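One protein chain, two forms: both are listed below as structure tokens, the first as structure 1 and the second as structure 2.
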Structure 1
């Protein structure tokens, strides 16, 4: 088992990474926590249909007083209405601060479950237990717990570090291809911004001529190495800038435009990873426009995109809606915008006050034509 010990101002906590760790899930709860009486697992109907029965068996076998709250699947359910539903359940179960909330699902469940755990009784114990690639390599780590509001992504939330993260790479082998692509976009982000070895591993382990290549990739033992590398990078970044005041903004490469694409699509038609995938290409084009990188840099990234089936053409959305979403970006102020751009592989740079003309032009050139 690989263990990453994260040390932040709010809390120290372990990230446990091991294929098959699910079988020892209850043992790890008992080993890492004392004095708890109840465990509440928050999940969604899609995850529960696949893993729910086994999870119940493990909880029962461990003789824990446990409850499972099942929500609808989808980004559109990461809202205050869902949070209210969970609060009512926690009150019904008579949950106290010493008890444990387990967020068992993808990024939506991790964000929502974490938000609820952070605010119920001013904070109950939280275990992030991601079942998707995007959850395992990114969203479960770092303590950002949020909900959407009025189709504005991640606008209500706070920082609340988990007490433990459990990552079982076997869980992702049940994902549909769309969800694999969702996670691969974040992995490529880590490779472009922080660790070119990740890109090399992807290049060497994906056979472009094989249509089932993504399913085969995530079953390879080397994919656990990719997960570990991403987790390690994220933990180092979080330790340097826990509250996202500067350095941690680098993790938002591709997210600035990506979140706007998600909002323009009403958080339903395009998932987070797909939007980030497109957003990274727009950010690269802005970098080219500003003479930070040469055009062949984009060609190199597109070649990898094609191997990984990552989308790089934005659907026919209203460009005014996309641009309008920029005003909600947390890195922006009323007088200044801030983009994460590139001077090359693993050479990110903060760039301020990019003109709207350039942004619009780079979105337009990557948009599907009628």
Structure 2
């Protein structure tokens, strides 16, 4: 088992990573927590249908008083109504601060379950138990717990570090391909910005001629190494900037334009991972335009994208709509824009006041032609 000990100001907690760790889930709860009486698992119907029964059996076998709260699947349920539903359940189950809430699902469940755990009794024990790649390499780590409100994404929330994170790479082998691609986009981001070894492992373990290559990739034991590397990076970044005051923005590479593409495409057509993939290519092109990096760097990344089925051509969208989205970027002020660009592999830089001309040119260069 690989263990990362995260040290934040709020608390210290372990990330336990091992294929098949689910079988020992109850033991890890008992080993890491004392004085708890009840465990409440928050999940959604999709994850429950695939992995819920086994988890329930394990909780029962471990003779824990446990409850499972099953929500509907989807980003649209990451809201205060779902939180309200869970609060009522926690009151019904008579949950106290010493008890444990487990968020068992992707980033949606992690954000929502974490938000509820952070507010119920002003904070109950929280175990993040992510079941998507995004969850395992990103969203479960770092304490951002949040819900959407009035169609505004991630607007009501908190910083609340979990008490433990359990990562079982076997759980992600049931993901659909689009969710694998979503996760791979974030993994490539870690590789480009922080750790080139991740790109090398990906490069060496994907067979471009094979259509089911992504399903095969995530089943390989080396994928656990990739997850570990990403978790390590995320935990170091979080330790340096727990409350997202500057340095943590590095994780935003590709997201600046990515978010705008996602918004301009009205959310359904392009998912987050696809938009971030395209956003990273635009960020690389801006870096090329500003002579920070050579063009062959982009060619190398596109080659890897092809192997990983990551999209890099932006579908035909209105450029003004895309650019218009920039004003909502959390890194920008009313007088200054801020991009994460590259001086080379693993050499990110914050760059301020990039001209709109350059941004527009780099977007249109990567857009599908009529």
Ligand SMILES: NC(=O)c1ccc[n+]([C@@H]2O[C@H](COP(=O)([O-])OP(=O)(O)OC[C@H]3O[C@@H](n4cnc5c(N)ncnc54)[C@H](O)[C@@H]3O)[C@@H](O)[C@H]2O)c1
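Remember, predicted model here, so these are calculated numbers, not experimental data. We call the rigid core whatever largest set of C-alpha positions still superposes within 1.5 Å between the two forms. Numbering follows the first chain given and starts at 1.
Each structure shows the same chain on its own, and structure 2 is the form predicted together with the named molecule. Once the rigid core is overlaid between structures 1 and 2, residue 131 does not reach a Cα shift of 2 Å, moving by less than that. The rigid-core alignment places the CA of residue 363 2 Å or more apart between structures 1 and 2. Remark: with the core as the superposition reference, the CA shift of residue 258 between structures 1 and 2 reaches 2 Å or more. We note a C-alpha movement of 2.7 Å at residue 312 between structures 1 and 2, with the rigid core held in register. On core superposition, residue 321 has its C-alpha offset by 5.3 angstrom between structures 1 and 2.
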